[in-house]
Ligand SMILES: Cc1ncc(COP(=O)(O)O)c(C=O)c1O
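Single chain ahead, by itself, as structure tokens, in the form predicted alone.
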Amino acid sequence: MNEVPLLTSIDGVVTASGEALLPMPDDGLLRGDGVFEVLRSYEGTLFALGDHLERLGRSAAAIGLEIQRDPLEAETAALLARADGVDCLVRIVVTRGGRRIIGLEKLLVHTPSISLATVTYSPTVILNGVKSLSYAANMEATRIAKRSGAAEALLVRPDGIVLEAPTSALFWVSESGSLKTTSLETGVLDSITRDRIIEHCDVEVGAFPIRDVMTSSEAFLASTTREVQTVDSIDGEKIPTSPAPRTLEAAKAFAAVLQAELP
């Protein structure tokens, strides 16, 4: 398999990622003031490009940042063509300084299952639903979880309402047998993978306490890079993973979505 060419386009100028330069000053870097999306390319075709660009536009509008969609689409297509059909990630960034940054990245390697540790987190109300460059809190939550021996964090509001992982939506099967996930109104991101699973599976959406997750019979994360990944434990408490019929159902449903939406 060919290697992913590590290239970055800044305002349409393509260079090796290690040599890319961002003109300064730019509050995108200095203050984390900007928006981004990460897309997955399957053999040279981006999944849900339109949905990602629409969410980018909503994020930008929420923080008063103007973006131009046409150049982003053209520059993304031109850069992806350089990957020559290799599976990869494509990161799109628009900074407060008005820079369009698009980069090719290697796919992340995820294990079949993952352990989580709960981390108390209070969403920033004015950034709810915004995929902004201000991800320091999310990344620190992951580091906190790893220091406790888990692989990833599970964000929980101070009032005990479960949110999501720092870069993934959470689904779980409660004692009642319902497949559940957290509603957008609680402060989670409008995940595109989450939306596809909700559309094709019977999912109860709402505000749920963390104890509902801790007593679940199965749980999984869903995201662009993970697709569907089983959760095997939370705070050291094992979650049954075999059999996991609702997790398998979600994985099969998302695989069918990919088959239907990718040409």
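Residue numbers here begin at 1 and follow the sequence given. In this text the structure is predicted, and so the values were computed from the model without any measurement.
The following text describes the form predicted together with the named molecule, which does not appear among the structures shown.
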Touches the named molecule in the predicted bound form: Ile192 (any heavy atom, 4.5 Å): yes
4.5 Å heavy atom contact, Lys180 to the named molecule in the predicted bound form: no
Answer with yes or no whether Thr186 is in contact with the named molecule in the predicted bound form, where contact means some heavy atom within 4.5 Å. no
Contact test in the predicted bound form: Thr95 vs the named molecule, heavy atoms, 4.5 Å: no
At 4.5 Å between heavy atoms, only one of the stretches 231-239, 49-57, 64-72, 27-35 reaches the named molecule in the predicted bound form; which one is it? 49-57
With the partner left out here, if you bring back the named molecule in the predicted bound form, are Asn138, Ser168 and Ala222 all within 4.5 Å of it by some heavy atom? yes
Does anything in 140-164 come within 4.5 Å of the named molecule in the predicted bound form by heavy atoms, and if so which residues, in order? Glu164
